[in-house]
Every structure is written in C-alpha cells, then in structure tokens.
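To begin, one chain is listed below as structure tokens, in the form predicted on its own.
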C-alpha cells in the first residue's frame, strides 16, 4: 500500500488553515501529524480519508502498484476519532453488523467477537450504545476501525477518553498496524509520538 500527499493546502473561506503539506508512506511506515491546537490536524486526516477536499494539492493511493480511484480507496483504510458518532439507539452488535454489511466484510461475526474481547467489551455486544461510557464508546470505535482489517489506519488522538488499560490495548494495536500496514496518527502527546517513524507538521 502506498499513500502520496503532495502540496496539500486548505482554506476555509478566506482563512488559510495549512499549506503545502507533502509526504509519502508505504507499508511499514508510521507518521505523526503534529501542530498547535487549531492548526488543522483533524482537517488533514479528513482530507487523507477523502471525507474533505483540499483547496490545492493532491492525495493519491496505490495498491499492488495500481492507482486507486476515490470510490475504491475507502475500502483500504479506517479512521478513528473521538468526534465520530455511533448509532446510540442500536446495540454494539447492530452497529457493527450494519457497518460490516455495508463494507461487504466476510466472516465478520467471528472477527467481531474477537475484537470485542480484545477491547474488553465482551458481554456488552447486545447493549444499546447509549448505555456505554465515553471510554467504552471510544473502544468500540476501535472495533469498528479494525473490523475491515485496514491497510491504512488513521487515528486522531489515540488516547482520548481511555483509561490506562484501554491505552495499553490501543498501543498494542498501533504497534501491530505500523508493522503490517500504514499508521497515521494526529497527536501532540509525546507518548503517542514513539509510534511514529516520521513527523509532519501542519501550520498556516
């Protein structure tokens, strides 16, 4: 897998958020996106995930040497962030099943069970998400992201809303991802930066 970000610039109306962000990453690479609060780290992640268009510049993906179209690329990555919303009235299993079917993920029930166990959510699969604590919801978002076994994992604030046990589990996930795929994290936390081979700073 290969990710190419070339001279990406973003304006909101007349306000410049960041400019000329460029980097490359391939399988086995991990990158930390850093910058002051409000510098656009989350915005850059959204651009990299095709959730938002850059004002200038390009983002390109390749898999097995082939350039991926935007409608193809989303199948190869997942995004985790504290701002992502779940269907609160549905159970965790219903949320995950809906997602798995949308993504056409084979054999998802077994993977779902393993991931719920790994994130210490086993036994809560059939509880409505609205009954989950903020930390449990954050762990459930990791289950969502890993269910598709992404080639590229984007993580915004890896430690958000997690207790020590949850942080340890997430760090083991980041360690695995940087070995088998591409890991992109947006953070200013020095503890998170140890998972990055390279740092990319965003600023106006």
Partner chain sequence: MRKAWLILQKDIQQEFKTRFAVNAILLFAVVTLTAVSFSIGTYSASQEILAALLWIILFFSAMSGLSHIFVREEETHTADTLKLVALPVNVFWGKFFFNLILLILVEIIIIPLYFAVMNFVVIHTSFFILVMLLGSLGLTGGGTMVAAIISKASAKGALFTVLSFPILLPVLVSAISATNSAVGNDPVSLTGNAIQTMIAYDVVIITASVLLFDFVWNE
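Computed from a prediction, not measured in an experiment: that's the story for all the values here. Positions refer to the first chain, counted from 1.
Just so it is clear, the following notes concern the form predicted together with the partner chain, a form of the same protein that is not shown.
Chemist: Just one stretch in 175 to 183, 131 to 139, 63 to 71, 30 to 38 has heavy atoms within 4.5 Å of the partner chain in the model of the complex, so which one is it?
Modeler: Among the candidates, contact is made by 63 to 71.
Chemist: I'd like to know if residue 114 sits close to the partner chain in the model of the complex, meaning any non-hydrogen atom pair within 4.5 angstroms.
Modeler: No, residue 114 is distant from the partner.
Chemist: Hey, in the model of the complex, is residue 46 touching the partner chain, heavy atoms inside 4.5 Å?
Modeler: Residue 46: contacts the partner chain in the model of the complex.
Chemist: Under a 4.5 Å heavy atom criterion, is residue 120 part of the interface with the partner chain in the model of the complex?
Modeler: Residue 120: no, not in contact with the partner chain in the model of the complex.
Chemist: Please run the contact check for residue 51 against the partner chain in the model of the complex: heavy atoms, 4.5 angstroms, yes or no?
Modeler: Because a heavy atom of residue 51 falls inside 4.5 Å of the partner chain in the model of the complex, the answer is yes.
Chemist: Would you give me the residues of 87 to 101 that have any heavy atom within 4.5 Å of the partner chain in the model of the complex, in order from first to last?
Modeler: Read in sequence order, the residues that approach the partner chain (within 4.5 Å, in the model of the complex) are 87, 89, 90, 91, 94, 98, 99, 101.
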